[in-house]
Ligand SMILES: O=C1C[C@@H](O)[C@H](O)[C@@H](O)C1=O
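First, one chain by itself in structure tokens, the form predicted alone.
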Amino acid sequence: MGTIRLTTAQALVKFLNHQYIHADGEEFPFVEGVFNVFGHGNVLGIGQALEQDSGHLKVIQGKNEQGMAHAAIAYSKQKLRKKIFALTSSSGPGSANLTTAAATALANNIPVLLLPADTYATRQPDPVLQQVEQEHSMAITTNDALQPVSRYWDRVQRPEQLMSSLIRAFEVMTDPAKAGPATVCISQDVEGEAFDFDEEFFQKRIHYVDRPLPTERELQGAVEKIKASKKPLIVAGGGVKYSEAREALTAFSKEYDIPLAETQAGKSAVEHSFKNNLGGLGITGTRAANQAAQEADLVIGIGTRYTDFATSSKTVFDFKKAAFLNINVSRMQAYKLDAFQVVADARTTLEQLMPLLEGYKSQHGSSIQERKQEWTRERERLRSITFNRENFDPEIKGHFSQEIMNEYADTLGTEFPQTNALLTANQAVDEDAVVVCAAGSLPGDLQRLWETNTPNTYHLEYGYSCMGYEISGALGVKLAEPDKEVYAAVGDGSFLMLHSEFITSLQYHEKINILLFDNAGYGCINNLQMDHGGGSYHCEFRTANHDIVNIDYAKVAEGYGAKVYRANTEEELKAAIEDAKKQDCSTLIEMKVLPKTMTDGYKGSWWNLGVAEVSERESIQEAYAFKEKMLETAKKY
């Protein structure tokens, strides 16, 4: 083998073009493209390399480093972690902007390659523009902030370091058990420095994603646990999607009459219409799923991290009678809740368990269907709730007085409840459309109410619940699903937080649709403070004169070049969605919705929060006492 003389950045781009993934007999390029915001730390290095020869890589100009990174994360998530985008940013604030997105990827176990520029390896021009300085170390740069939020992190200060660094990064990103963000910081002078790279480094490199098999001991232990149970429950997490275990899971559930509940990451791994699917579990769950959890004597967690929302802060299960069986490729996750561990691929494990359980049947009987039907009736009841100006006694939330609710109705010009708007949208969109969300009250409404009957059409970033992910995420999903309509369900708070990549969608003709629910504030957090005895404090959007802020978001989007709609009734919303389907450009549908009209929790949906132990308010004292009572039922590990 000979050598090729390239700059470090040119070698990087050439290497990215030759990385392939092999999964279930299929082989395809792993890196789809590169998002960029060019600055003085990367435009002359990686920018030059991409301009000279980008190969098959799509090069997309982002508008905000966090936004483009969230788009890359959503792309990989929608592609079930089998393809990625890389990201390049300038040094200093450009790199710092990646930190939030890196944490989002880490919390969700999503592979993405971050390539932030770094300060000069030679240190001769120091301190350069946008460089931070520390008295105790010359080696610390802005990029060190990315270390705790990266699955893999490295700094390249010599061209030859690139080779081992990238190979290690790709090993991490293609490992299902520890997939996450890989950060390779490259000193900006080194990006342009030449080196004689071995040709072998640029040969086609295949990363095999094999399915870890369960051991005989694990299978026998799982069989014993299941056969000993009378009322087991399956908790389907994101690992069910990534394992593509839908068929195996539905067959397993149906054969042994075991109901299943979904986490936010697991929703739409199995369609809503599947007879044993009871919907979301925990704080944002359905009454049906939580009831099944409370009576379960065995919880079979498949590809789940058991976050506090899924477990209702460890109170949704009866730990006096419930045992746990966890199937997960991650040994750490398999150990959760002191479970019997099967450290293996979900689909393979379910397929191998099927014949070993012959003759077993749960004792749920008709209760699964009865609970599912009862929840269907509750869903329809929620849709029928309307606003009454004379006597507002909402069945969902009731913290605001009649006077305040009327003020919102008059200022925003609406009587549209959020639940009605969401259910109307669910009915109007195509069955294979993908909905994207991340934060606020909408994830709870979506997990309870949004019905998905096409697999992998529910895309919630709830590992980090990062405000501002929604619109960037919709762009990433559209890149992954170009033939589907993609909807970002976003509150006004998240829209204000970050919507820069909406412009990118317009620029590159990657059509997305924004469903903007405007209740003039951080409604979810306002509920949280008032639910726990507090007042309405700095969560509503009000002026210094205490007037409600009424923003014309449709006009903002129109200025960007989007097709916009204003819909404050069911009829207007249906018409807007139907017309939006006909458009070639991105759209925004602005809905003014009343605050306090989102769904509330059902039994089993308690959340452990840091309520003030000392307060002059009797309502806060009561909230703290209730918290202490609930903690007595929670498992301690």
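The first residue of the sequence shown is number 1, and the count goes up from there. Computed from a predicted structure; not experimentally measured.
Heads up, the form predicted in complex with the ligand isn't pictured, but that's what we're talking about next.
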### Task
Could you check which residue among Gly301, Gly440, Gly463, Gly280 gets a heavy atom within 4.5 Å of the ligand in the predicted bound form?
Gly440
## Note on the structure
Picking from Ala145, Ile368, Ile525, Leu423, the single residue whose non-hydrogen atoms come within 4.5 angstroms of the ligand in the predicted bound form is Ile525
### Task
Indicate whether the ligand has at least one heavy atom within 4.5 Å of a heavy atom of Tyr602 in the predicted bound form.
no
### Query
Is Trp606 a contact residue for the ligand in the predicted bound form, using a 4.5 Å heavy atom cut-off?
no
## Note on the structure
For the ligand in the predicted bound form, the stretch among 147 to 155, 209 to 217, 291 to 299, 440 to 448 with residues bearing a heavy atom within 4.5 Å is 440 to 448
